[in-house]
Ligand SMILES: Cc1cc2nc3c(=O)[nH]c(=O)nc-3n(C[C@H](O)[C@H](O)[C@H](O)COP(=O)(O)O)c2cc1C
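Quick heads-up: it's one chain on its own, the form predicted alone, in C-alpha cells.
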C-alpha cells in the first residue's frame, strides 16, 4: 500500500516558504496543513493575516487551512470569507495544541475538557456551510475520557476526517505515545483517522502501519525536521547524495526567507530549525552551541553549512 503522507502544521516553522522549499527539494509528501490561524468575526478580516495560505503562494501541493478559536459564529464567518477570497473548501479545526497560552484561553487542546463547545463549533459549521470540516485533536487535555466524549458527540456529524495525536495535552511531546488509547479511539469513531505523532523513521512507520491497518494517511511533523528524507524513505524513493541535496535545500530556504523576514528574522528561523537539523546533519553538541551563539546571518550560514556531515548513500535510515 502506498501511504498518504501529509506535512504536519508546526507553528512558526512550516510557513509557506518552508513548505514550498521543501517541495522543491524532497518528494513523498502529498498534502500540507497550514499552521493554525485565528478565526475572526465578520468585518474584522485583515488580508495580511492570511498571506500564508493565499493560493498564489501555495501552488506546489494541496493545502488544508487550519484554524483555531472557540466561537462558532467566528468559524462560520472566517470559513465563508476564506472560501470567497481564496476558494478553499476544506478546513481543519485545531483542538490539539497543548501550548499553555493557547490552553489558558480555552483554545486548542484547552477545548477538549469542553466537548459541548467542540460540538457547537462542528454543528454550526456543518449546518450553515457546505465545507468539508475536519479536526486535529489529542486524546484529551488531562484525561482520555475527554477525548472519548468528543468522539461520542461528533460521531454523527459529517466530518472529513480526524487527525489524532496519541498523547494528552498535559504530556506535551514527552514520553511514549499512548498507542493502546489510539487504537481504542480508532474503534470508537466512524470517521477516517489520520495518525499524527512520533514517526521518526521508516522502521517506526512500518511498525505502526502494521499495528493500525485502518490508517491510510500519516502526518509527519518533527520527523520531517529531524530527517527531511523521511517521506522519501517511507515510500521507497531514491534518496541519493544526502549531503548535497540537504545543502541545496538549506541554501534555497535561507535565500527564500531573507526577502520576507530580513536578516534577523531569517537567522532566528534557521536557529530554530537547527535544533532539529543538528542530529540529522551529525553536528556535535558543542559545535551546535557555538553556532547558535552567532548573531550574523552570513557567518551562521557558513559555519552551519561547513559542519554538515552526512553520508553518501541511498535509502538509509537515520
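As the structure is a prediction and not an experimental result, all values here were calculated from the model. Residue numbers count along the first chain shown, from 1.
Unshown form predicted in complex with the ligand; subsequent notes refer to it.
So if I measure heavy atom distances to the ligand in the model of the complex, which of the stretches 80 to 88, 207 to 215, 221 to 229, 149 to 157 falls within 4.5 Å? The contacting stretch here is 221 to 229.
Residue among 200, 185, 161, 246 with a heavy atom within 4.5 Å of the ligand in the model of the complex: When the ligand is considered in the model of the complex, the option within 4.5 Å is 200.
Looking at the partner-bound form in the model of the complex, is residue 173 within 4.5 Å of the ligand by any heavy atom? Yes, residue 173 sits close enough to the ligand in the model of the complex that at least one of its heavy atoms falls within 4.5 Å.
Could you confirm whether residue 35 comes within 4.5 Å of the ligand in the model of the complex, counting heavy atoms only? Taking the distances in the model of the complex, the answer for residue 35 is yes, it comes within 4.5 Å of the ligand.
Contact between residue 11 and the ligand in the model of the complex at 4.5 Å, heavy atoms? Yes - in the model of the complex, heavy atoms of residue 11 and the ligand come within 4.5 Å of each other.
Does residue 276 reach the ligand in the model of the complex if we count a contact as any heavy atom within 4.5 Å? Residue 276: yes, in contact with the ligand in the model of the complex.
Residues within 4.5 Å of the ligand in the model of the complex, restricted to 75 to 112 and counted by heavy atom: Residue within 4.5 Å: 94, and no other.
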